[in-house]
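One chain follows as structure tokens, the form predicted alone.
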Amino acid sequence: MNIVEVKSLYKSYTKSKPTKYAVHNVSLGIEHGEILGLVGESGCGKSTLGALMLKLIEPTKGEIWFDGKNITNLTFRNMRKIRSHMQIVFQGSSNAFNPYHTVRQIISEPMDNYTKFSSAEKERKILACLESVGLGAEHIERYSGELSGGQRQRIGIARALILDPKFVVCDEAVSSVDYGLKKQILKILYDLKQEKGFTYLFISHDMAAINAVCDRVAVMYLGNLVEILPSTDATALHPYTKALMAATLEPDPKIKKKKLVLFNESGDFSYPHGGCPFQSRCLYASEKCRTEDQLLREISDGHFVACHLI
């Protein structure tokens, strides 16, 4: 059963004609206890889709379902009743916290907003949560400016998970840390998922990070889902997914990949009004790709592709 599901979801920030969408006709479900990776280039709509799933922003049209309930049109007051079950780890750890708050205040804020724990209970939960992300009691009185980037990112994870939410959006949670810290944070997220059954939408442009922790992978381009892979080792079929995977850097800097021509680098990056969104950059686009829309269709069990060539 899906904990989160969006149906024919659209989001536009402009009223220009023709309408330009940050998220365009996306239908997607995330099952209880899975980590779904959402990958794509910067600006493709990944963070917008994550914010829509949490109803941090309102959709232009479409539906958002959470834990079997349609939350699309819920009021702020009614959404507050389920907010504690939906959390986010923000991309920019340096900008995610009030600089005048200590770690104790940062992590306790969700409890202050949504629970009635006693001071002793809050303190116990804060220390246990800090320990779960690899930090200790010595950090509890520090301000965010006194923490390293990796420590701030761990505090962001602790704040998101302090209430044991049912669903967590990790928005580029490892984009601002080095390789060593990235491995540590990915392990923390994965271990907590195994221990407590958390469900994540793991947003990243980093295929190596996606491959390390995710169960399935959804690929986004210009606001559209172009492929959903049933596992991280499934064979990519869409030309854009193939290009993303081929462009993944090796962790060992001594290993050099041969430069490949992956797509038309002189292609138009603007959204086409008709046909496949990747048509101007695709090396294999035909006339059909330029004139006929292609929705996701199931190629094999759990593997969906939006491509006329498949």
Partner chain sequence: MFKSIVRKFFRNKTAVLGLIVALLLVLIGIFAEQVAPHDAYAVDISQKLLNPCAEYPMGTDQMGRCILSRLILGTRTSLFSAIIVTAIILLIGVPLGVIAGYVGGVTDNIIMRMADVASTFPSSLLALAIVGIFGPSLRNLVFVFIFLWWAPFARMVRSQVMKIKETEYVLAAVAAGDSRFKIIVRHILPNTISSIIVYATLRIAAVIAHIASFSFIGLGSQPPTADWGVMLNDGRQFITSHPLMLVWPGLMIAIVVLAFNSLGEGLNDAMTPTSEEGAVVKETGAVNV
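Keep in mind the model is a prediction, meaning the values are calculated, not measured. Residue numbers count along the first chain shown, from 1.
Absent from the display: the form predicted together with the partner chain. The rest refers to it.
Although the partner is absent from this view, Arg159 contacts the partner chain in the predicted bound form, with a non-hydrogen atom inside 4.5 angstroms. For the chain shown alone, Ser148 is a contact residue for the partner chain in the predicted bound form, at least one non-hydrogen atom being within 4.5 angstroms. Contact between Asp112 and the partner chain in the predicted bound form is found at the 4.5 Å heavy atom cutoff.
Shown alone here, Ile126 lies farther than 4.5 Å from the partner chain in the predicted bound form, counting heavy atoms only. The partner is absent here, but in the predicted bound form a heavy atom of Gln105, alone among Thr72, Gln105, Thr199, Ser132, sits within 4.5 Å of the partner chain. Contact with the partner chain in the predicted bound form holds for all three of Arg83, His101 and Tyr143, each having a heavy atom within 4.5 Å. If you take 53 to 80 and check each residue for a heavy atom within 4.5 Å of the partner chain in the predicted bound form, you get Leu56, Phe76, Arg80, in sequence order.
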